[in-house]
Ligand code: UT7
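The chain that follows stands alone, in the form predicted alone, written as structure tokens.
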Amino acid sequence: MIRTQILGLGSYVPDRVVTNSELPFLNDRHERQETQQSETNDEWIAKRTGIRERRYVPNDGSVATSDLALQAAKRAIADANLEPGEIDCIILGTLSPDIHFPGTAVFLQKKLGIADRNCACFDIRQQCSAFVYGLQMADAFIKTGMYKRVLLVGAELHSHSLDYSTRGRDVMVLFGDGAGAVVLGPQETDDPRAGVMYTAAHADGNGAMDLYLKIFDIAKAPYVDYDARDREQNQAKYPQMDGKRVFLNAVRGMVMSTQAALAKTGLSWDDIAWFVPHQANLRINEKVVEVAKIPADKVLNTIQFYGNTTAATVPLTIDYWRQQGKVKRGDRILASVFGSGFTWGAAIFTF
């Protein structure tokens, strides 16, 4: 029986640490100013989100999302004891692509030096749910023999597209830059619990406009019909969120998908080493843990110091705690995610 196994894991975050205390003093280029630019503070942010700091790239145009993806990908490939040329498929999840098109996966392919390999490149736009969606795709590709070495990457560069004013603070305080990656491949085994054991992905388009970034509207002509520098007009270029609806639906979706994962596999928390929730808001994760009755000592979070890195959060969190000596090879992980769309899902896999 062919099962999908994780061959390698890697992550990357930029060097710059932006604390909650610094955040209110940043302008739209995330440059620190003498005077406060938004009405927020460390206590306000920490109480609502659990976040203390996040990472930002430089604002000089030197770093793109594909550059973050590249660093995480190279580490995952090295961890798998492979060379980039052995990758025959790339799946890249992001809501912050390098440019509108082509997709960011082809830029990553080129930067890995394997453009001449003609490996397949997929961009997926499931935002915070992208890792589970991508894992389901990779698992299907490998089990059917379509691809042998799949590089799955989540990468986000949020810092350039946030509204650093009081108007945008509910969203602005949440997000950071970073990337996480895994390399997946086949293994021959009769163990039904080996490797990627379970994936489930769901969506409900009724919540599409509760968390979104418009930037342009293709139904209109011209499709960008505002002055991007005019604060009376430019709200469309920033993320918008109905925080209460997102919170409630995130808790519901993650609890349901977590409980379904255990029920459908016949596993209990005794069989799971770690629960890795999407890192959107520590308060969401705490509520999920409470409602789903998840053992607190099995929960891994990184949002306190990385913020929400959207498509990157699950592999980034696993790799962080591996580096701390907590997560080890052979550990079985249950990951649960929720993102705009609304999209959500869960996966159980052995690292």
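One-based numbering along the sequence shown. The structure presented is a predicted model; accordingly, all values stated were derived computationally and were not measured.
In what follows, reference is made to the form predicted together with the ligand, a form of this protein that is not presented.
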*M197, V173, L262, C121: which sits within 4.5 Å of the ligand in the predicted complex by any heavy atom?*
V173
_Contact assignment for the ligand in the predicted complex, among V132, A280, I87, I91, heavy atom within 4.5 Å_ = A280
*Can any non-hydrogen atom of A140 be found within 4.5 angstroms of the ligand in the predicted complex?*
no
_F107 versus the ligand, in the predicted complex: is there a non-hydrogen atom within 4.5 Å?_
no
*Just to confirm, I284 within 4.5 Å of the ligand in the predicted complex by heavy atoms?*
yes
*asked:* Test of understanding: in the predicted complex, would F305 fall inside 4.5 Å of the ligand by heavy atoms?
replied: no
_Contact stretch among 180-188, 99-107, 272-280, 153-161 - heavy atom within 4.5 Å of the ligand in the predicted complex_ = 272-280
*Enumerate the residues of 240-264 that have a non-hydrogen atom within 4.5 Å of the ligand in the predicted complex, in sequence order, or give none.*
M241, G243, K244, V246, F247
